[in-house]
Every structure is written in structure tokens, then in C-alpha cells.
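Only one chain is shown below, in C-alpha cells, and it's the form predicted alone.
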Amino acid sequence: MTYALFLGCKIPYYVPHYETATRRVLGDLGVKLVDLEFPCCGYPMRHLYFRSYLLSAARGLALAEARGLDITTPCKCCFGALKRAQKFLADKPELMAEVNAELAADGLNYQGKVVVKHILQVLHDDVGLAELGRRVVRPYELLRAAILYGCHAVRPSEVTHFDDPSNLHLIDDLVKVTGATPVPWAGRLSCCGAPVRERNEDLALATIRKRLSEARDAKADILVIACAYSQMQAEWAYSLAGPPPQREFIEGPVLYPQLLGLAMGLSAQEVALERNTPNGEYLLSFLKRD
């Protein structure tokens, strides 16, 4: 299976370990990733310059469509922005015509054929849980995971179609296949605070610290994340934390491809655990020993 990889703007600069782990894990599972010169997904402009947002998103969609490729992205914000754009363009033919008139200058035309999936959907639905189970050679033992689902993937569900909105299970399934145990906790569907960070840092920091405290209260060892913004938020909180005796947090945030990659037998370096804040190599102690 082949997808155009839409990394978005944040991951290459702020969360490069997410890109490293994503490319390595999907590659090992036989998912071919094609790099295109994608523009911004348009999300930062959505509430200020709606047509600019729509044009930027449509340009990315049209680029993939011109190559006959579907899109997968590790960024839940980009995922949500592209899915919303597809919905807007499908519902408003006049917007579709307006956007295509702009895209024509670059020889592009968006027809609404490209499929957009988050990488977790590719792992869950395309690779499949049975194959993932066969590829897990070093499952975790006694690892309790608090899963932060992420706002942009699950809301609005009638647009994103990320998971069953009445029974979210996709990320739980993916965590269970590694041997880790998802724990019920208060912040599972809550915000990480990223949307307010540029306007109110205190509120943004308090929000992610509340999530981390909720995860601690649930006796989780780690916070499992598959969102660039949530990982940035959690790592920011840890970068400001005091030494372990004074801090109230759990071991740390882990990106799902890192969690899966280690269980597949990849090394800590191959999934870039040393780039996490704090260093994610504590995960090694939870792997099953022979």
C-alpha cells in the first residue's frame, strides 16, 4: 500500500522524532510513503481567512490526486483540517469551482477523489491488528497507558470518521496489541491546551499539567499521544518540571509509533526515543525479557 505522507509544518521542526518513528514503523510494515511538496494544511488561517485556508488545503489534496495517491498524516490537526476542507468542498459546489479556478493556474484540479487517513487508521484498518500482533516480538509487561485521543481527529465525528464516536476504541486497540494496558482516566477526550498557547501561556500550561495529573491519578506510567501539538504541549510541561522528587508527573509522553516500534523489535535509536522530553528510553524497562 502506498500513501502520500503529509507531515504538516510542526512535525519536521518541533517533533522530528514523530517523523522518524512514523517513517521507520510504516516502512517496516510495508507501507510505502511518497513525499510531495505539500503546502500548509491551511488550519492556521481557517478562522481568519477561510478561503485562504480552503485553497491551501485543496492544493494539497489536488497534488496527491494528480499523482493518483491517497494521503496519510501523523498530524491530527492537518488530518482534521483536510477532512473539513473536503467536507466544505463537497457540500458547496460554488466553493469547489472557485478553488479550482485558482488551482488551474498551477495546472491542478481537485475532484474530491483523494482519501485522507491518519496514520493510526492506516495501522488499524489497512495493516490490521492481526498483522501488527504478528509483528510484535517484544511486548510490554505491566505498562499502564493513558491515551490522549486528540480533539481534531474525533470532533466532529461526522466529518473526520476517525473512529466509532459512540465507542472510541481505535487507539485502545493499537495500544493493546503492543502488550500495554490502556487505563480509564478523566482526560482521555480532553484538550491538551495547545489552541490557547499563543494567547494565554499560563492557561495552556495549566491545561496540559491537569491532563498529566489526571493520568497520574489513574496510575498510568505513560501518556500515549499521536498528535504533534499534544506531544509539544506535554514535552513543554516536562521541560519546565523540577527533578523527579518534586514533580507530579508520570514517566512521560510517548508517540504511538515509538511505542509500537519498540514492541516490533526496533531499537530506541530507530524510533528516536532520545529526542523525547524527557528521554523516552525508560520504556525499555517495560519490555518483556526472555
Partner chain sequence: MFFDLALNISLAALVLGLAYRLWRWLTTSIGPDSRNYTPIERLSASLKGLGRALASRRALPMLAALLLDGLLQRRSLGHSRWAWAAHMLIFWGMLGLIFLHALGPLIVPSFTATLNPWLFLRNLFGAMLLAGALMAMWRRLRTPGLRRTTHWADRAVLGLLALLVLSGFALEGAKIISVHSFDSMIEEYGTLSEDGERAALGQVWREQYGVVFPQGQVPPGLELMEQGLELHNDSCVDCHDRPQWAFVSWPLSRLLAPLAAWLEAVRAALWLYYLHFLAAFAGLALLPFSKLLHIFTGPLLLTIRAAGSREAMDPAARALVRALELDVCTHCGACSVHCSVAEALRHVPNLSVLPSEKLLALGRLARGTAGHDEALDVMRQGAYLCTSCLRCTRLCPVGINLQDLWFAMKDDLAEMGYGPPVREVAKRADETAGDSRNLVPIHLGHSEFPRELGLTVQAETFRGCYRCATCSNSCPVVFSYDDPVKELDMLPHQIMHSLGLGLSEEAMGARMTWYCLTCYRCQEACPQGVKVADVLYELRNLAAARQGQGESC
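This structure is a prediction, so every number in the text was calculated from the model and none was measured. Residue numbers count along the first chain shown, from 1.
Separately, the form predicted in complex with the partner chain exists; it is not shown, and the next lines address it.
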The one residue among 217, 131, 102, 141 placing a heavy atom within 4.5 Å of the partner chain in the predicted complex is 102
Within 4.5 Å of the partner chain in the predicted complex, heavy atoms considered, which of 127, 183, 115, 189?
189
Given the partner chain in the predicted complex, answer whether the residues 238, 280 and 288 all have a heavy atom inside 4.5 Å of it.
no
How about residue 51 - does it come within 4.5 Å of the partner chain in the predicted complex, if we only consider non-hydrogen atoms?
yes
How about residue 268: is it within 4.5 Å of the partner chain in the predicted complex, going by heavy atoms?
no
Indicate whether residue 176 is a 4.5 Å heavy atom neighbour of the partner chain in the predicted complex.
no
Indicate whether the partner chain has at least one heavy atom within 4.5 Å of a heavy atom of residue 203 in the predicted complex.
yes
In the predicted complex, which of the stretches 67-75, 132-140, 119-127, 191-199 has residues with heavy atoms within 4.5 Å of the partner chain?
191-199
Within 45-60, the residues that have a heavy atom no more than 4.5 Å from the partner chain in the predicted complex:
45, 46, 47, 48, 49, 50, 51, 52, 55, 56, 59
